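The form predicted alone is given below as one chain in structure tokens.
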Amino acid sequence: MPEPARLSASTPSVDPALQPRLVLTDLDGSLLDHHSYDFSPAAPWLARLKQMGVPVVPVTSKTRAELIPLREALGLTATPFIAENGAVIGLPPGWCHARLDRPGSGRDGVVIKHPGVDIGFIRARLKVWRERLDIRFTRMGEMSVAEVMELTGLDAVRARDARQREGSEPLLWEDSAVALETFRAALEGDGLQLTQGGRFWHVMGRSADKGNAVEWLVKRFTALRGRMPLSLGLGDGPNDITMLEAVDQAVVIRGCHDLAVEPRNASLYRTDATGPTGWSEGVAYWWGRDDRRLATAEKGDAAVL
């Protein structure tokens, strides 16, 4: 295995000890184990970040329905989330703007933003291009709950939640690499994009990726807080690249796959460990060595929203 990249962070424009902080993280294969979905190796750092008042924001391919119980289990109900690879942004009350956001509804109680396009449009165009190009793929919406369970290892409840799409459609590609590029070009003509996750390809609106959603959320944080946060991003897959390029400090967690993850970020660290153990390794690399900065944050200067 090649030596991981361990480059020093560029010097921030202000003293990092005085700068609020924000963690943006992928879930599957990163904060959550790829197979068991366990996050216990990351629990000590999650607790420490919560004590410091540093928001930890899930940035995931999962749906809003899947995130409702997960946010509770992870202790992240007071922080925002980015779902469906950037197609859905959820804002809890403390992150809402009185003039810009309508009150949230539903049992998760968050305000939902949709940067992309409606799921109905996506599915209609997928039907058109499958017939017109004579290509083979299976949408998640066409799979039974049992099939989703078998592919993902989810139980029946979580598999049903995974099928509740709002702004993106996962699919299993069953054709050639040449056909995939033809399909990608056709989608681009519709204002759609194709991105690769750990298990599925995902189709969504062109502006709805993790990077754009992270940039929007950082701007919202800055507007509410009055200062730009020092942002740390962690992910393990190709669909995390735009997120890792949108943050100040990036961590590529060693994945349980052979997919290339090569973000353009000068402040990049690659972990030796996988999953939540790698997640903790990455957080500790960037923020676990400078006691002065962490001590300042622990005294109350970290972001609390």
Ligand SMILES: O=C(O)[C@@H](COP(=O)(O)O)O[C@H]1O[C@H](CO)[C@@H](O)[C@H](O)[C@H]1O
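This structure is a prediction, so every number in the text was calculated from the model and none was measured. Residue indices: 1-based, along the sequence shown.
Another form, the form predicted together with this ligand, is not on view; read the next lines as being about it.
Between this ligand and the residues G90, G211, G205, G198, the one pair within 4.5 Å by heavy atoms in the predicted complex involves G198. Of the listed positions (T63, T242, S280, T271), a single one reaches within 4.5 angstroms of this ligand by any non-hydrogen atom in the predicted complex, namely T63. Shown alone here, G116 lies farther than 4.5 Å from this ligand in the predicted complex, counting heavy atoms only.
At a distance threshold of 4.5 angstroms between non-hydrogen atoms, D248 is out of contact with this ligand in the predicted complex. Using a 4.5 angstroms threshold between heavy atoms, G167 stays clear of this ligand in the predicted complex.
Interface membership of M140, defined by any non-hydrogen atom within 4.5 Å of this ligand in the predicted complex, is confirmed. Relative to this ligand in the predicted complex, residues L49, V57 and L230 are all farther than 4.5 Å at every heavy atom. Stretch-level contact analysis of 180-188, 222-230, 123-131, 147-155 against this ligand in the predicted complex, using heavy atoms and a 4.5 Å limit, identifies 147-155.
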